[in-house]
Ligand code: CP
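Heads up, the chain below is alone and in the form predicted on its own; it's given as structure tokens.
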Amino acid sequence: MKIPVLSSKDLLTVMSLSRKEIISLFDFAAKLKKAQKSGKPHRLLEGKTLAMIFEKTSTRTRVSFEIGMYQLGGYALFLSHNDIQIGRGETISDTARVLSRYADGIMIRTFSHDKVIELARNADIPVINGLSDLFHPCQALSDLFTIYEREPGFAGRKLAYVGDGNNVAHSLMLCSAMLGMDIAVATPKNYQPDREVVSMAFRLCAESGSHVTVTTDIKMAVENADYLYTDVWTSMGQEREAEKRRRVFRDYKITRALLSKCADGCRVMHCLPAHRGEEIEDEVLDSDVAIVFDQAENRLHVQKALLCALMG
């Protein structure tokens, strides 16, 4: 299999990639997925090592990167905040320099996006943003790949996101805009996406011919949507706001009634973990229109493609 060549050393946001590079990654991920399903060995990173820094806990991120490296013939080293010296006196720049002497790549899941940037600036090896407070590029790429598997193209299709204007919303907006897919984001007032990110998405839309809408009006956002997406109302680190957020977001919930206002055949998406009964009804999440577990699986395949492109 021919590994895609990327112009960037790192994946800090989806904007680390061009549209052409994203599509090449999707095509390569499809080949890796087929190989894995058929049991065909694809040890493209034989002997390579990925250092995984986790300052935030995770199920899908850890499992998908760890198993992905194993299937590619490499090794993934899990480093929690208790295992390394970040936060206990050692600087990010020193950590980056040390890990560069040992590993072939770094994946970090953290709170501050500035920490991701500083790590990449000082590392001689690729750095992958596994999640920060501002962006979640691996999630958005996997989500758009899940749509790519089902569609002849992104033009003319619409994704509606309902909920908190968070890191997932940011990355979905940018990735959709780059690929030429319309996206509408509906959030409560004061919980809308970051203004700079919205401005970036508008600029990308002008190039791709797609449309970005940011609104508080859920009905307007979901009208003619082919894909309906949500995330938890309270992200990690926001636990003290949980009760307030339940009150503010109570109408920003995916229900059968909301789904009926979308386009015929609309599919439901969620990045997981889901707080069932809050941002999404059980009967929707467990229905045939939900493709949330396809999204979760595709984290494995898309990240394997990324690992190969950055480390291979």
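Start at 1 and count along the sequence shown; that's the residue number. Since we're looking at a predicted model, the values are computed, not measured.
Separately, the form predicted in complex with this ligand exists; it is not shown, and the next lines address it.
Of the residues given (35, 285, 266, 272), 272 alone sits with a heavy atom within 4.5 Å of this ligand in the predicted complex. In terms of contact with this ligand in the predicted complex, the residue from 206, 155, 242, 236 that brings a heavy atom within 4.5 Å is 236. Just one listed stretch, out of 66-74, 36-44, 51-59, 251-259, contacts this ligand in the predicted complex at the 4.5 Å heavy atom level, and that stretch is 51-59. In the predicted complex, this ligand sits within 4.5 Å of a heavy atom of residue 136. When this ligand is considered in the predicted complex, residue 299 lines it closely, a heavy atom lying within 4.5 Å. Applying a 4.5 Å heavy atom cutoff to this ligand in the predicted complex picks out 109 as the lone residue from 100-121.
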